[in-house]
Every structure is written in structure tokens, then in C-alpha cells.
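Quick setup: one chain, the form predicted on its own, written in C-alpha cells, and binding and motion questions come after.
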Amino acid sequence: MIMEATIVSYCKIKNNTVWVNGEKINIDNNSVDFSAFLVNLYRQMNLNYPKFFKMDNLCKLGILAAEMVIQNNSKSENFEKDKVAIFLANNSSSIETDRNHIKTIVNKNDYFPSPAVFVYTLPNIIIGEIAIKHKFTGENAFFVSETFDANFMHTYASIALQSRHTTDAVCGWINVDGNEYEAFMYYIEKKNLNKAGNGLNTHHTAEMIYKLYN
């Protein structure tokens, strides 16, 4: 049996616009406000996950992007959840929540640090939220780099997928800095080349990742 790592779905979210597998999705959105856009998108996707409203914007964006690529892959709900890896990156870490946290501790006379804010002051909380929602328990890592590095992400995911402990991977770039935001996420699975399936069925290469990102 010949197995190959294949990109089966991807999405892009930027400037209040959503693309899934190259198709633009119509969003019922009359506001340019980023936070309102995330809530509108959540409701349009008919998600039933109340915890979403407790998250910071970085995690909300990550949850929505992950949901799109997971819903649009060829496995539907037939995951080996302990073999799904998550590899994400950005260039702003958790800066938006860091700023909010600083506001709660900068004034010693009005000191009110919030555990609900503090928990989101590490970017890898995005991975935790995705993993909790979908019960994924595979390998994971979060990277911070100046720009999206498709070569690095391809290499890292490829090494993981060579192991029998990883069959699938959610990968991408999730960045939020105020109203500046961008999400690019894609789903990789090892597929039997002799068996037809749904999804993009696009070879997992650095060149293809760059192409989908741009």
C-alpha cells in the first residue's frame, strides 16, 4: 500500500472575507469590526460551542479556521483522534491579549488581573482549544516567525507524518494584532494513492502550500 501526504482542504480568512478550498464563502456581515465579524461567522456556521464566547479573538479565529478545514476534509468524523497533529505559527504571538493583561496590572492602585484573560497570554492556547473541541491528542507545536514559512511548516509536518503515530495534521498561520488579522489553515492526511477519495487531493509540498497561501 502506497501512502502519500495530501492536502485535502484549506481555508483563508482575511479582511472579513472567507475562502474555503478556493471558493469564496458569502458572509452575512454588515460590520467592519473584527470581533463582530468573528461572531457573525460563528453563527453562520451553525456551531454550538458556547465556550467560543469566552475565548480571545486569536483563539476564536483559530477555532473557526480549524472547523472549516476539518468539516471539508475527506474523513468527515472518522478520525483516529490520537493521531491528528496540530502545527501552527504566527508573528505576533498573543500580543492582543498581552496588551489587555498589562492593562489589568500596570496600576498598582487599581490592580485587577483576570485569570480569564491571563490564560490566553500564550499563543499555543489556540492549539489547546482546537484539541479540546475535537478531542485531538496527537503531536503539536506552535512557532513564532516573522513571516509564514511554508518550507519550515512543510518539513516539520512531513517529519511528523513519517511516524506511525501521526496520520493527519492541521497546519497553518493564525495572526491577530488589533484589527489586523489573517488565518490560513490546511488539513493534511496520509492517503492510500490507490483509493479514490473526496477533498482536494493536492500533493503536500512547500510549493503547493505557498500557492494556496498566496
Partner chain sequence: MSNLIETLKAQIIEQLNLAELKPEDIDPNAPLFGDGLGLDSIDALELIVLLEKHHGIKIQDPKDAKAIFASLQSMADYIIANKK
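For clarity, every value in this text was computed on a predicted model and none was experimentally measured. Residue numbers count along the first chain shown, from 1.
Another form, the form predicted together with the partner chain, is not on view; read the next lines as being about it.
Proximity to the partner chain in the model of the complex, defined as a heavy atom within 4.5 Å, singles out one entry of Phe148, Tyr42, Tyr181, Phe184, which is Tyr42. Contact annotation: Ser114 falls within 4.5 Å of the partner chain in the model of the complex, judged by heavy atom distances. Residues are counted as partner-facing when one of their heavy atoms sits within 4.5 Å of the partner chain in the model of the complex; in 52 to 71 these are Phe53, Lys54, in sequence order.
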